[in-house]
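You are given structure tokens for the same protein chain in two forms, set apart as structure 1 and structure 2.
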Structure 1
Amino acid sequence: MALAQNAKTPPAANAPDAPAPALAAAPVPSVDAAAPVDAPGLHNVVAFGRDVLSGSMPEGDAGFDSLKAWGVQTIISVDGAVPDLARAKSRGLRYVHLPIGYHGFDDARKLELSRAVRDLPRPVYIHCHHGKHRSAGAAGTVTVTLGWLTPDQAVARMKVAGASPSYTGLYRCTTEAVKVADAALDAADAGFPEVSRPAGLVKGMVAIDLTWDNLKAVQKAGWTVPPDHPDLVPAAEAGRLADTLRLLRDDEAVKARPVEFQALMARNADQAQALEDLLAKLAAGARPSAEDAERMSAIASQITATCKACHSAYRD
């Protein structure tokens, strides 16, 4: 049943003053849709309101063209990867990069995300990598915080998106969210960065270490989701490792280091990328072939060797 037909349902799948979205010919996912929608270059798109969509990272020109056709004006990435700013800008789309983890996010990030959705031109498209877990968690929490959905309505949309019940932290962010006063949103950080980079080598290494630990657990589970870490998305972990290493490679302080140091960082990034490429070939939860598993373990040994080579030459 449509939300509007139920008198007892709290109203407002949207802000009362939400502008009529500039919708193009392509059918825009509806807040009543019982299943996610795919479009060229976009997967798993679910509406959390008339002008708040959640979905996968836009892929190539097709993905950004699909967003444009839906009238989207602002893209918010909650993924760690660096956004494709060139493709967004060439279509006049604003990008905001506010990464969140798989375990949920703190109040500051919640208010920042909510303020971005309230204040920037809509419709907005919120994405992570696959568009199932983190983007849905963010969209759910934000729409409750803005008072546009009840926690029950938002959780129902998260389920439509396929957000795994194992991400209890993401669900908790939504169930525990409450509508906040405008003044609280006005006090939230409105820097809205188009790209968030880890701050410097030490923080980057700490992030790399965490991700690498996760990947070791993935390897131990035969390159699948570890039973004791059902929240891990193997390909996304490898992608994050590659991203962080690439960001460090491009860091000014790292560029001031010896050429050999930079080469080791670049090699480590390439190795992590090779690992992501193999993991990304797999369907969610699928086991790799014995051959691919062997290849991935060989790459893992090379990654460890590169970490050690750099540490013994430049750190220890």
Structure 2
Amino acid sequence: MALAQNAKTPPAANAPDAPAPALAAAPVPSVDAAAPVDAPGLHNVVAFGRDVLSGSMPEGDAGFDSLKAWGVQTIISVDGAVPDLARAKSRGLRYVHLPIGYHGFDDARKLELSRAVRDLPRPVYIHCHHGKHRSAGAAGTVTVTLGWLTPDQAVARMKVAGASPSYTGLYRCTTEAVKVADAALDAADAGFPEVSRPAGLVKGMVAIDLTWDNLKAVQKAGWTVPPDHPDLVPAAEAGRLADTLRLLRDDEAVKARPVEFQALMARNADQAQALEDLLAKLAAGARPSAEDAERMSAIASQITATCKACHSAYRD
């Protein structure tokens, strides 16, 4: 089922002539919609053009049923967590896993994502965890790279999705994108993996330590960009911590650990997510209110306490 027409986007070669009946509780999002759409098992869905949607990770059977009802044929995850392949395959949906960071992504990943959207069956649904930041940044960059939107149009759709201005790297990927020649896309990696495996528990813990050091510097600076570390984006650091913890939950070494260990990691991920949500509300470089700063520091203390409890029981 084709999405609402965008004049700048060529018709999908595999789109049927007549749309199939929509079975989801919500209509297919329009490219002109001024607000995100929710559907059963899906949140924050925004159309970036005909046959290109951005939104949250599908939740359970309901989320995949909604995508199927909308006619989606390919799902692209830019989140770190391992995709739910079983539910997707049972509905005949193709999954591609190409994670990106909160700081943005390089040209190789940009071309890889763009080639996937160009070449794989459409409509395409691009998702991260919540569907506000990374999926919107990926959809914006891809549609500009393919020449389907201008940077200004793509940025406008990112803002509809609620992409925080704190994620300057994601916005920069879109504003600096240009339409590329087919030859450049043809040269991009077309492996399109179903799953990009986690780096492993040891590497994950190293990444967590580095990210936590960055967040402590952010906290010391009043939950804003540290003067001696101007490259840090506070919300992106918190998001990277949450994403790494979620990703590690799918690691085989973690799954082999006691359920209490897994529960502590899940609690840590939720705490990091709460911290990111607060930081993402801020404009780039802005300071939080005294109340929000106090809440952030309280969450940071909770993260520290959870880490210590885990280390005491399972490492020390």
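Start at 1 and count along the sequence of structure 1; that gives the residue numbers used here. Only the largest set of C-alpha atoms that superpose within 1.5 Å between the two forms is called the rigid core. Quick caveat: nothing in here was measured; it's all calculated off a predicted structure.
Structure 1, rather than structure 2, originates from the form predicted in complex with heme C.
In the core-superposed comparison between structures 1 and 2, the C-alpha atom of residue 78 has shifted by less than 2 angstroms. For residue 190, the Cα coordinates differ by under 2 angstroms between structures 1 and 2 after the core has been superposed. Once the rigid core is used as the reference frame, the Cα position of residue 262 differs between structures 1 and 2 by 2 Å or more. On core superposition, residue 214 has its C-alpha offset by 6.4 angstrom between structures 1 and 2. Look at residue 284: with the core superposed, its C-alpha moves 17.0 Å between structures 1 and 2.
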